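Before any questions on how it binds or moves, here is one chain, the form predicted alone, in structure tokens.
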């Protein structure tokens, strides 16, 4: 196994299995036939054709679209077509900087193949010139990827909060990092991938941050989503990423990005360019 294996696993998908979801003439998602059949029950919201799914053109603004989609998705939840309801709203956009077309329940985002965004933070310390990373282990009772390894702090990007404020919030909730310390995190880029999952399609983007922590700082689980934290040398992080599947799939990419930026994966690596390009996959069109 290798870093490229982790990248390929994050980009396994077959768009022939999906129909484009179109809103106001813009393609914003991908829907599998089983979900399209559920959406067809709501003809006042979705027009389902063999080649695509479109939002009713009479829904022309953020409020009307959001309200109509919320009613349809709640009905699908009550009928068992959508599980894992989170009660958290995500913006749906044509691009990150674009104005949201509507908002929708987080659990339904992959069902409609809509691009979601998130924040992931690498927490690390320097000891004797060497870098060690704080790695989180997800709670074994968590409904998604229980017990797997994770970046020190990570979370989805809901509507109505900026990236920096969201990261500070997640730092406090997941690792007990005080706001003043969390605000020292440095934005270092983003990774993207397109992965087909049981629920649908995830053409997602994760904004990456690095936070160098004091050597005596010890994170602590706060909200129950994380079971424990472990301080690891970079060679152990690299081994776990390249040779195992112990990390949650997208967290592998965030760790690989860190390893590249800090020179652990060097340009002499024969896979260097393929790794670098593989961390940034465009959304399907």
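This structure is a prediction, so every number in the text was calculated from the model and none was measured. Positions refer to the first chain, counted from 1.
Another form, the form predicted in complex with another copy of the chain, is not on view; read the next lines as being about it.
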Even though another copy of the chain is not shown here, does residue 188 get within 4.5 Å of it in the model of the complex, heavy atoms only?
yes
For residue 162, is any heavy atom within 4.5 Å of another copy of the chain in the model of the complex, or not?
yes
Partner proximity in the model of the complex: residue 8 to another copy of the chain, non-hydrogen atom cutoff 4.5 Å:
no
If we define contact as a non-hydrogen atom of the residue within 4.5 angstroms of the partner, is residue 268 a contact of another copy of the chain in the model of the complex?
yes
Can you pick the stretch from 147-155, 169-177, 95-103, 133-141 whose heavy atoms fall within 4.5 Å of another copy of the chain in the model of the complex?
95-103
Heavy atom within 4.5 Å of another copy of the chain in the model of the complex, from candidates 205, 89, 125, 72, belongs to 205
Even though the chain is shown alone, can you say which residues of 247-276 have a heavy atom within 4.5 Å of another copy of the chain in the model of the complex?
260, 261, 262, 263, 265, 267, 268, 270, 272, 273, 276
